[in-house]
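First come two forms of one protein chain, each written alone as structure tokens, so that there is a structure 1 and a structure 2.
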Structure 1
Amino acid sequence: MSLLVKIKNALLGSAELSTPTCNSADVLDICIKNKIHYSKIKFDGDHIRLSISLLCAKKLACELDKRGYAYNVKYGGLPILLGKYKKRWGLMAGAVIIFCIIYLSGSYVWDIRVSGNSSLTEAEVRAELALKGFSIGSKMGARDVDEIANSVLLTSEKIAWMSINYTGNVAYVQIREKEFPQTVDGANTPANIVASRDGVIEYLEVMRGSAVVKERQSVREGDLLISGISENKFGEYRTERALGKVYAVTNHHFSVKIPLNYDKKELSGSVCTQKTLKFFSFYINIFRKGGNLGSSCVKIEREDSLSLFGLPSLPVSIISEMTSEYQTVSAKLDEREASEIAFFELENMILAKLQDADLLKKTIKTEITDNEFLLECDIICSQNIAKSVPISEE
């Protein structure tokens, strides 16, 4: 029996009919007259066996019954197997659902992997793609990947090139980031070095140009420190880009005011928790505990992706949301708390403004009134006050 016939019999069902050999001629005659085609006929001892389709088996059995011949039929194939489980419809429904899920999920993006990024994070690249309608759960083939990449490049300020390729259901995104030129004016633009603030010069490091100030000289903001104009022995002037560092002792004053009375968010105790199953881009609420809350709420949301055996995450995640109701109440800071906040802010201000400076002296004065905590800080430090200013042609 050929392979195709075997497959056909398995799928559509088949029967094996056996009858005593003495009936063989009549059986063959019946088959010929009634056009009952068999795939195999074989003599097995004192019986003859025919392999026929289900429908033909019924026809042949009917004819044999009419003639009163003894026979035996064994049925097989997929229809018989399914018939055994016909009362267990849950199995069938489950199998159909699984096949549907496998078929449908093969049409959606399961994961997006980004490579080639250095300053941009993977989440930022995914966010850019999501703005153009491409994310986990998007239908594959709905839009051309080149069109998606081009639309991202048109609006992105940081991505210079993008390529999207599919391997199975995973989208591999390769990017190249834009490179920005570093200096505002060109490297060869003639420029002077002037003071960026008042100070007393400690020492100079002149790499190009001529210094016009000396150590221990007091300068004011804007004063010329290193000149980019030089004169040769013939009395001709030429300009160049002055380069160097000028370290000076400078004074800085910082002032921080912290109001003692403030509005505090106090949780009222009403909490609503909700868990949602995210499957591709579909959201299914699993449960929600807690009633309706007021308009003033704080929400904490967390998404946990599922993964198996350390493999990259699946497009299934659990989103946990905790919403807490709060009310605004007036509160007052005590001196210790206000002082902590003030000092914290002061440190941030110093870090922002004097990051490269060497601290020589710091004087702090605090004052507390009924309404605020005042912190004054005077800093003397040594810093580079050189600032490059282009020489105008005039």
Structure 2
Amino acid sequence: MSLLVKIKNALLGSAELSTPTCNSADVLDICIKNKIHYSKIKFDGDHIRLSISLLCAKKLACELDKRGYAYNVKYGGLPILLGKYKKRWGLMAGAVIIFCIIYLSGSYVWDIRVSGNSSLTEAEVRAELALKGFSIGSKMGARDVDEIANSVLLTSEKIAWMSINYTGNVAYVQIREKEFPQTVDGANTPANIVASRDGVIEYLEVMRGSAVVKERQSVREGDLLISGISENKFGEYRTERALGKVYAVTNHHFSVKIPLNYDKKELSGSVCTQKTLKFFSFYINIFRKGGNLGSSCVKIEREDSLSLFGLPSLPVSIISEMTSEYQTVSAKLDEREASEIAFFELENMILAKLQDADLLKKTIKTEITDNEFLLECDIICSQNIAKSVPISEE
């Protein structure tokens, strides 16, 4: 059977008529005399089977009824399928609505994809486009894409260049962010270098200015380390911005206190689940389970975009929202849990304060009482204590 015949039978309907083999000669004679065409004939045991179109099957069945021959017909194809669901008008109406939506949505933006961004997020770029009236659901061709891009560039403080191109129903947005020159505050202002904290000098790296301290010398916070004031051979003074690094051995003390008693949230078991269909900017509630909950609730929301066969995401997504009611109860940390939290906080404090320092010695002491876990830490390290301070005109 050719492909064209198969397509024709699928659209117009087809049938398979079977009758006992003893009637085969009469059945074929009826087909010849009444110009009933069949596409395939098959002898199956004690029956003969004819593959035939829907109209010819009805005509042949009528002739066999007149002669009293036994037969059986199996119908197929689109007309039979539609006939099964003709009383279920809701399905047919839904299919028509879906077809119309897909047809009409072909001229609207289904998705916006951003590239070229580094500090800006894709959501931030979409928000700037939305302020100019361009978002998912906008009609394609209603406005020139260059005009949209230029309107964004006129008001944006972070985007230097933008290009918008369509591929199907997806808008591909390419951007280049503005580059802001990094300036050093007071780069030409005369300044001294002083100690940012107490310590014992290890060594100095003077790039500009005059060192006023020596190695193994003890200094206090605020002491002058490198001077930006110099005197020439004529006894005249001039000022400049002193530059350099001064490494010293410094002492640091950290203290962490973790309360053992705390309040925690426990789910009470009451849950409310809701699903919402989002089509472009329209929201339709499609499912809800559970009643109204109290004010003490935890909400988890997730949005899943629909995509078929790896094609760009459709402008349809399912928003799932689960709300669980909780109650606040008293709890107590054991020594192991409190210790883990305390050491975690200590590491964060050390990283924040001594990120560029070289650790020389660390001493840790812990203590636990009925109410808290105490962690004491003393650190000796080598670090740059140079701090630039402008020279007063006085």
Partner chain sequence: MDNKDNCKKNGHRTFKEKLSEGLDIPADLLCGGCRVEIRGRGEAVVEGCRKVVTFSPDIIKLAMADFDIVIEGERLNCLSFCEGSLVIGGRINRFVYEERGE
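All values derive from a computational prediction rather than experimental measurement. Throughout, residue numbering runs from 1 along the sequence of structure 1. Whichever C-alpha set is largest while still superposing within 1.5 Å between the two forms counts as the rigid core.
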*Pick one: is 1 or 2 the form predicted on its own?*
2
*Core-aligned, is the CA shift for residue 365 between structure 1 and structure 2 2 angstroms or more?*
no
_Once both forms sit on the same rigid core, is the C-alpha displacement of residue 67 at or above 2 Å between structure 1 and structure 2?_
yes
*Rigid core fitted, is the C-alpha displacement of residue 329 between structure 1 and structure 2 2 Å or more?*
no
_Angstrom displacement of the CA atom of residue 116 between structure 1 and structure 2, core fixed_ = 5.9
*Once you lay the two forms on top of each other by their rigid core, how far has the C-alpha of residue 126 moved between structure 1 and structure 2, in Å?*
3.8
